[in-house]
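Look below for two forms of one protein chain, each set out as structure tokens: first structure 1, then structure 2.
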Structure 1
Amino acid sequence: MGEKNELFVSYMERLIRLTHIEPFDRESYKELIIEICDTYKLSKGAIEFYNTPHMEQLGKGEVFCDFDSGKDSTILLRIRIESSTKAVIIGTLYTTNDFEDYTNEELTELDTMLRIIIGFVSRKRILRMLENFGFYDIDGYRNFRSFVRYLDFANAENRLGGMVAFHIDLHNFTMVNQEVGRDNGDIVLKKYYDLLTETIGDKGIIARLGGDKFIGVLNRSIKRQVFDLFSGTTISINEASDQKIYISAATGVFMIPNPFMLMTYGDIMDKIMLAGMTAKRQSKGSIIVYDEKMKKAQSHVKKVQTEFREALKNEEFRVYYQPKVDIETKKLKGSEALCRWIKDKTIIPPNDFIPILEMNTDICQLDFYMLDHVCKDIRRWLDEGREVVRVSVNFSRKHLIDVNVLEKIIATIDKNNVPHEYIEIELTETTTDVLFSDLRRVVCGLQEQGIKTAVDDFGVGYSSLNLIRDLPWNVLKIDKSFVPKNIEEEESIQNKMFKHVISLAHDLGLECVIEGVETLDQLEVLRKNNCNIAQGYFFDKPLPLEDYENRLDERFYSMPY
């Protein structure tokens, strides 16, 4: 065997050894590549890797170059391979423009070595690609598989005990997308994730469940730094812009006891999800730590959700009507339909089931049930010759994800042959996680059909003025917490705000209804600010059907005030 053949065999042996042993010796491999290029008078060697042929066409891939002399070069040998996974690997060898021709033997040797290198790079890159497919989502976030893999490793190494598991759900991120656009919203989300990832470092993991929801575990030593980011931090959209977005999260936390042995992923997931749901219902930036009381609450949730459909079928839900009164004339002006669940002759308080039904779309079924029963009552009253007043029916904003909700509301009313003027649809203001365009579509559609619309709980949500500025409401229902408690303190901030909100509503042609009126002092506040319509226990609590029909027949309140 000639000297050159022996050298080729030596290169082959070294290449195979270096590309098939772990851990990979990067420096020795690079030295060998430089030596081969020098022996064969190559000016440059490069490997390109593309995930798909389409990415190859776009030029979006990775290029690896371990030797480049910087001299003017021409392509000597180029090999393109498309793997069974549709990844594309291209190997290219270059020589200087003034170098003499290579022999067939030399070209064969270079072809053989280049294929070994291509095989090595493709194997490494495909393994990494499979790692990305398996443990990262399409946007580059660690996924649920990454999270459970971390749990498995930490559990096997007995490291989970004493760590902190968490679930976060970013507050009002739909509104962020509306404010800055979805592309910028994606940038803000990724920057927040990267900030958390950097802060957690090698002391835990954070992974995305989907959308703006994340889970993870971390060492207690960094709990304060990470929790500060959960409570709220400012993220800039880009370096060139001064625009910054404040991001906070509803956080559910499980303080993993020590010692702790993970038997199923539910041992952690169930707890952080339950605490997270509780945090979602709390104030902005809240952090809720799991405790056993939540387990009992979860049992109640499951019980309500299980019994709901049967209760709906058996008509256990009843319509109670709370009157709205003109405080000057003492005349009944309208009413609000409120739901009561009567089970085994016991009234279940609304707070014990309404928030649970709002966790999913069960509340939508209940809303239409209520609307249908209100329409049936109104139709009967009309047929009996009663003087009917407008009835408001509450609708959850969860309906807005249904593109056909407007048509369904109208169909329910028309099915019962009820004139549209007797129905008012209330949408609570405190829910802000809906697209404004969907809200506009429904409100404007109802207006076109002569169906009144009301903003419920005005003054509770942060977007109050935007709502009455941009949408054509008929009625403003002002929450009792917004009403001043002392009429004498005219210079107080609350009195001034109340006065100007009422004045603004009147200027916009909106009817004002004050909720929760219970005292004569409150009535005086309303009178002084030209608010004529009141609803509350001062006049009536929510009334069962028969009692409300008596009120409907009486028309006027006889109480002296």
Structure 2
Amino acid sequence: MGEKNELFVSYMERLIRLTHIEPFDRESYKELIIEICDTYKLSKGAIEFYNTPHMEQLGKGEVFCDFDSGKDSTILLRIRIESSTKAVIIGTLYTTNDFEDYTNEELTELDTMLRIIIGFVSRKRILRMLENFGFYDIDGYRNFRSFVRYLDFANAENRLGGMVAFHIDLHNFTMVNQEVGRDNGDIVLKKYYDLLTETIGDKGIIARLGGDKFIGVLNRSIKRQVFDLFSGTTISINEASDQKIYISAATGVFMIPNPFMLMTYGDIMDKIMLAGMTAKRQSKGSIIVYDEKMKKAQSHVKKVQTEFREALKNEEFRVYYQPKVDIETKKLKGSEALCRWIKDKTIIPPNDFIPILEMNTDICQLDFYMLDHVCKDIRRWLDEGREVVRVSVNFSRKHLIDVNVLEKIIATIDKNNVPHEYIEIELTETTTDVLFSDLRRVVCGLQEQGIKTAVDDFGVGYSSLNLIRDLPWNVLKIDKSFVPKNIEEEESIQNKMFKHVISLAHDLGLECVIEGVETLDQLEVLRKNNCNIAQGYFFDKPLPLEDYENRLDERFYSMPY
């Protein structure tokens, strides 16, 4: 008896030590459990864990079992605890002996030890839940915290240098969601992430930033395999169906130099985000590696964004007009308003600031400024008794989400007392269905008001014949890259496509304007294909106001052809 009591005291000492000391010594713990079970002739010990009593009834929970002799056994002792959060923890000890073989004292000892073990197991489980809670998001993806913790560890262990950091942004994931439904979209996204996680293994980490954007770092040794998956791979929704979704990402990369000491997370984040933005602007599956030039580009972006409001107030933006010419009669048919930023006596071209203004909704202010100035010019020309031609104004796609854009356009034109027939709005094509329905609303609304609409840059990007067929456009502006270079090769695909698009547009009653006409050869191609309106350097560059007014008055071009 005294011997047994001493044993119990020593078991308790060891048990308390093992369950309270980090790191947890699993081997010694298991040895101790086996010893205890042997002393007390137990055949099995188990701890069950249920989130709620209801889950307990359903038998849906977790079971931890550190000893199981595999022999048939009966329950000797069972402790059930319901926590204040309604979680249920049950500890059970089994024996092959009879209950009567145990003294009350032995049962009390077993009860005490079992309670310690229950406490220990639930504490461990709560820690794991907390870990999951802090480092995984609700859908089971590693989160940003996971990523920075990894950076911290890798940095402390001096192994960040030489690793590869990345930011990926999946292409057209909204379209995938529309195509297969949101639930299936979620499945595809998770499968893609799981595939990446598995491929990276213990050689790095990938975490979700939100939506379809992820970040991570990895060892150079697995860069190739992982980057192949970024460039593009197919994921099946489920094993039963053979529907496969192609996933690719815009990838921004920072090759971490070696040696490298991490001072702030921004040292890595800024670079992968910047390279990622550049990748996003390029073709699908692009992988762009950060370099110092991007930093310059970044400071240009900041400069434009901060100076824009003041520049708008100071009227630093000017309207240039580029004529559109009827190539048969050589008569001026219309013009396009193109924006120039005159700053410190230099002219900044739109490609240097429009894409930046399009990063937020600043572009919308600029477009309305342009429309307002065009209307003012037209009003003045009319008042001066000049013969006026229609002017087209570019409107960014960013306007489509503004439910009042239509009313605002009409109000701007009417405020300046300009007949609607003199205004045309150029819009570029759009891919997503959501935007498409907004586009329909705007195009149909303008049509009802007698304001003309044009599809800009047809032939670059996602040209869709549905887009021109389903909406009541007036004008199709065909990009110069779509015009065949070689008139001789009548059978070339480019020639055929060009011919068919032109005849389709004409069948639909659309006016065709070809942009970027620079040479007489190109003009020949247009004539052969019955395109009658051209805009390009061959006739005029975008002209400042005064030069354009001279053109308005001259009316005809004196080209030698």
Ligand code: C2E
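Everything numeric here is computed off the predicted structure, so don't read it as measured data. All residue numbers here follow the sequence of structure 1, with the first residue given the number 1. Between two forms, the rigid core is the largest collection of C-alphas that superpose within 1.5 Å.
For the form predicted alone, the corresponding chain is the one labelled structure 1. Residue displacement note: residue 38 has its CA displaced by at least 2 Å between the two structures (rigid core superposed). The two forms, fitted on the rigid core, differ between the two structures by less than 2 Å at the CA of residue 534. Residue 314: CA moves less than 2 Å between the two structures after rigid-core fitting. Lined up on the core, residue 13 has its CA atom moved by 8.8 Å between the two structures.
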